[in-house]
Structure formats: structure tokens, C-alpha cells
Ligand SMILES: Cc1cc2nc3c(=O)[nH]c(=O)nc-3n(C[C@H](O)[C@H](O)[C@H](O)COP(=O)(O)O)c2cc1C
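Here you get one chain, nothing else, as C-alpha cells; it is the form predicted alone.
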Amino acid sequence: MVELSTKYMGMDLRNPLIVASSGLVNSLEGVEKCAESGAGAVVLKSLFEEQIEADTKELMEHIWLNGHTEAFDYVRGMGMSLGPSDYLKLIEDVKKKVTIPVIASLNCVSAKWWVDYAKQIENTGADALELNISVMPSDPNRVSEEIEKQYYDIVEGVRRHINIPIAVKIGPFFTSIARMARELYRRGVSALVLFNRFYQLDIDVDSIKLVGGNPLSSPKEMNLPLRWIALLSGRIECDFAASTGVHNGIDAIKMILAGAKAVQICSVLYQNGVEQIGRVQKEMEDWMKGHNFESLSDFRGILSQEESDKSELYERLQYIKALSGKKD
């Protein structure tokens, strides 16, 4: 008998398989399906900053304020309280129906909205909060410190006002991911989710227009989070969850070997149905039995850089192989 249970952000999960924030978990029925299929936890579909701002603007277009700042602030506040009402109701309904941890998600680019919402989310019963901070560092006039401060401001603002664990889902576009991870941990982040897969774009050469790229990840994309979890696990004290490219049980095992506490899956569930959760779990169990591991803690992180006496393999492996002529 093998045991897949794990702790993630202090929460007890029956297994490390978390359904990532997506349309699969934007309804009570969707969450129940995922729970019945064996998910260890779910991250509800994100509430987007733009949604809230749009709700507030729509309200303001129908109210004459005549320059009164108090009235202006009141209406903005009213928009903020009405905007996430359906989201809060979803959290409330889901918590009554499933026993697995329910992680709320806020997709944000600034600090201005999120403190009040985070508090409401906590009061409604969410077990944890994942901040999906979607800042694309594309402006050549912004220095890296300014972008990093944007993350810190959001995290610090939310952390001061809620007590439930906070995870931050980040992209890979930092000058120093290791330093960023350490600083986010110091500001009260319990887990980092590596990595945010920004919306893809493509070009239609017939119409000569920008079009959406493939919204689903491929297994080839798992190498980036795999490397960084292996590099940071044991060196940064927060938990790590792998995201992007995990499609089967062996992918999940690789992430655990690198040091991940949990693994988020999404694209493969769109492709094969939520029943894939059970298949991934079975593949993990079979691998563990074949290698005589009884629990995840028996092998978690044993292939991280922190546990290795060959640290160069984690940073310059491709160059070493090229120079030595080795192919494996």
C-alpha cells in the first residue's frame, strides 16, 4: 500500500494533484466532478481585476456624482462589493459540498482592489488564496525593481488583512527568480506556483492578423518549472507547486522528485476529461510500488540541487554535454 497524501500550505491533501484555476472549476458541478474524480484540491477559476473594474465603471455610468469624492468612493465601493458576489457564492456553495481544500484565485496586476476582496474570500470560507499576478514586463521604461515592487505591494497588502495561506503564481520573466522567490516568502507567501502560462498569441499569415495561440500546454513545457523547482526546493522555505506541462503520472513524479509539494493539472483534463485525475494517480501509485516507496516524503526532493553533489547539472548540463560529446 502506498500513500499519496501530502501537506501543501499547511493543508492536508489526500494526494498532490490540484486542478488548476480554469473553466473546469468555475461552477459547483465542475468542482464536484473534480473532487469525485480524485483531485486533492481545486483552485477555483480566477476572479479578474478587469472584471471588477468593468463592473464598477458600468455602475458609475448610471449615477450622477457631480464631483463629490465621498459619493465617488461609495459607488466604487458598491461596485467592488457587487462584482465578486457570484464568486463568493460559489465558494460558499462549494465548501458545503466537497471535503477537499478549496483555493480561491485572484488574477491581478495592481494592489488597489484586492485587500477587501481577499478578506471577503476568507470570510466566505476559502481554505487558501492563490494570487495570479499577471504582470508582463514588456515596458522598456520600467526597471526590474519597479516590477518586483508591484508584486510585493500586492502580497503585502493582502497578507496584512487575511490569515489563510497565500500562494503566488508567477511567470518566469524575472532577472533573478531565486531572489524573487525568497523575497515573496519573506513577505508571508506560503507557496509559489511555477509557472504562470501567459496567454499565447500567434499570427494568421493569410489575414495578416494576430490570433490566439494554443491555450493548452504540452508535456514539453514542463522542463522549465521542473528545473526551477529543482533549483529552489530546500533553498527557499516555502512550498512549491508545479504548473504547466504536467500530463501524466510520470510527469507528476518528476516534479515531486525535484521537490514539489503539489502538482497543478489542467490542459490534460480538457483533452481527456477529469477522469484523467484518477489515471494520473494510478500511474503515480504504480511507479511508487515499483520503486518500493511508501509515501511521497520518501522521495520528495531527492533530485533537487540542494540534495545533489553535482550542482552543475542543474544549471549548465546542456553545455557540459555539448563539450563532452555525450548524448545522455
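We number the residues from 1 along the sequence you see. Quick caveat, the model's predicted, so the values are computed rather than measured.
We do not show the form predicted in complex with the named molecule, though everything after this point is about it.
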(request) Could you confirm whether S267 comes within 4.5 Å of the named molecule in the predicted bound form, counting heavy atoms only? (result) yes
(request) Indicate whether F293 is a 4.5 Å heavy atom neighbour of the named molecule in the predicted bound form. (result) no
(request) Find out whether any non-hydrogen atom of S217 is located within 4.5 angstroms of the named molecule in the predicted bound form, and reply yes or no. (result) yes
(message) in the predicted bound form, is there a heavy atom of the named molecule that lies within 4.5 Å of any heavy atom of A20, even though the partner is absent here?
(response) yes
(request) Just give me the single entry in F195, Y117, Y151, W228 that has a non-hydrogen atom within 4.5 angstroms of the named molecule in the predicted bound form. (result) F195
(message) If the cut-off is 4.5 angstroms on heavy atoms, which of these, G249, P101, P84, G245, is the one near the named molecule in the predicted bound form?
(response) G245
(request) Look at the candidate spot formed by Y8, S233 and K261 and say whether the named molecule comes within 4.5 Å of a heavy atom in all three of them in the predicted bound form. (result) no
(message) To test your reading of this chain, name the stretch in 120-128, 175-183, 250-258, 209-217 whose heavy atoms come within 4.5 Å of the named molecule in the predicted bound form.
(response) 209-217
(request) At a 4.5 angstroms cut-off on non-hydrogen atoms, which residues of 142-179 are near the named molecule in the predicted bound form? List them in order. (result) K169
